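Before any questions on binding or motion, here is one chain by itself as structure tokens, the form predicted alone.
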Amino acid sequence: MADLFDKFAGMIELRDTLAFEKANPYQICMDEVYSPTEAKINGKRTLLAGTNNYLGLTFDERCIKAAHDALDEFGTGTTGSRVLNGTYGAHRELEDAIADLYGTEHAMVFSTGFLANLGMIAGLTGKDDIIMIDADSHASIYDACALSDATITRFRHNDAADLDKRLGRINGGRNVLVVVEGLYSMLGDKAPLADIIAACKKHDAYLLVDEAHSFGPYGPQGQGIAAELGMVDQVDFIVGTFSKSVGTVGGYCVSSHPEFDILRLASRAFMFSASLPPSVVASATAAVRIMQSERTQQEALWRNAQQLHCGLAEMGFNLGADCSPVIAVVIEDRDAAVRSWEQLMDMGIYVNLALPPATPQNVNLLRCSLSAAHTPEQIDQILEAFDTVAKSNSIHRN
């Protein structure tokens, strides 16, 4: 008799060949969290350099107070979806804050960033439509495409010319939704968004930009890559998440399409998911307002990114992209990457180990994501640790 788990044989084999001795990157458990940059892992105080906590707002006193106040006033949860009893005044307030941040007519808040992509992409498209996605798209985008029943086409990563060519081959009469990310989470490379927008305009295609990792670091008020280019009004739908720069959980989409609100009834991920707890909504609203009114966190984040990126580049490491808050060190040998990750953990430095098939171009990565809360001394500590593991594992450097 066949086993339901037979399909995972390749994954099981891969897992079993990764000889972790002291720690497993896929079973990290933080026993205590002291700040946005430090936690207790495996009984050891550890410097966090892989949490996507870009603006360091998880311990901001204003966000914590807002969460406490909402918890006291409204309790622990809503026990319903947004279209039943799950919409409180605070949910509308958060949507208004997000729409105001982007200057759009509409905003819709989902329970996670993953659900935001599922709800928007699968909600907008159907069997008569076409979705064109960047080949390096996040899993939530691929899953949304599978749910949509639309025709799916991939174009080469960050290649606006390839997108233009593929759009030009489509016969008229079918709606096309192009989906890209502002900042890609593995290598930390930006989308050539101006060129992508031009291709979509040329061929009358709709454009959805997932700003999950660019929301916070980029744009005059942290709105993302489209806002940094001054092109928010030329993007049909912008999706993002609260689980990174905002420091909590949830997702959103903004748009100025006049019929946008019908998605509250057409998006199954919105209709049939329990809404965010009031405490989460309150802390997210506080964080969005901080982003809108203060530049200090964004400025500190970029100082830290420059310090780490320049330091690693001067040491000769092969980096995945130009400077961004995601700094990925490419390691040619998989076993060396595994050993290096374990040694970093042993030295009290937590980064992300990313291996094929989960990575673009099948590369092995030690992925750092920085925070505004990191100090220059902590960045120096990360650099010293990387230099040590490179020497220990004979990692090739330029």
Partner chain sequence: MSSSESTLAAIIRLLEPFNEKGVDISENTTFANDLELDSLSVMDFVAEMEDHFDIMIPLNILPELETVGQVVEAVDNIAEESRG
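Numbering follows the first chain given and starts at 1. Computed from a predicted model, the values in this text were never measured in an experiment.
We do not show the form predicted together with the partner chain, though everything after this point is about it.
Q: Answer with one of 135, 231, 83, 315: the residue that has a non-hydrogen atom within 4.5 Å of the partner chain in the model of the complex.
A: The residue in contact is 135.
Q: Can you pick out, from 289, 165, 264, 92, the residue that has a heavy atom within 4.5 Å of the partner chain in the model of the complex?
A: Result of the distance check: 165.
Q: Where does the partner chain sit in the model of the complex: which of 41-49, 359-367, 64-72, 342-350, heavy atoms within 4.5 Å?
A: Among the candidates, contact is made by 359-367.
Q: With a 4.5 Å heavy atom cut-off, would you call residue 101 a contact of the partner chain in the model of the complex?
A: The answer is no: residue 101 has no heavy atom within 4.5 Å of the partner chain.
Q: Flag residue 79 as yes or no: does it have a non-hydrogen atom within 4.5 angstroms of any non-hydrogen atom of the partner chain in the model of the complex?
A: Output for residue 79 is no: heavy atoms all beyond 4.5 Å of the partner chain.
Q: Residue 202: heavy atom within 4.5 Å of the partner chain in the model of the complex?
A: Outside the cut-off, so no.
Q: Residue 124 versus the partner chain, in the model of the complex: is there a non-hydrogen atom within 4.5 Å?
A: Output for residue 124 is no: heavy atoms all beyond 4.5 Å of the partner chain.
Q: If you apply a 4.5 angstroms heavy atom cut-off, which residues in 119-148 are near the partner chain in the model of the complex?
A: Read in sequence order, the residues that approach the partner chain (within 4.5 Å, in the model of the complex) are 130, 135, 142.
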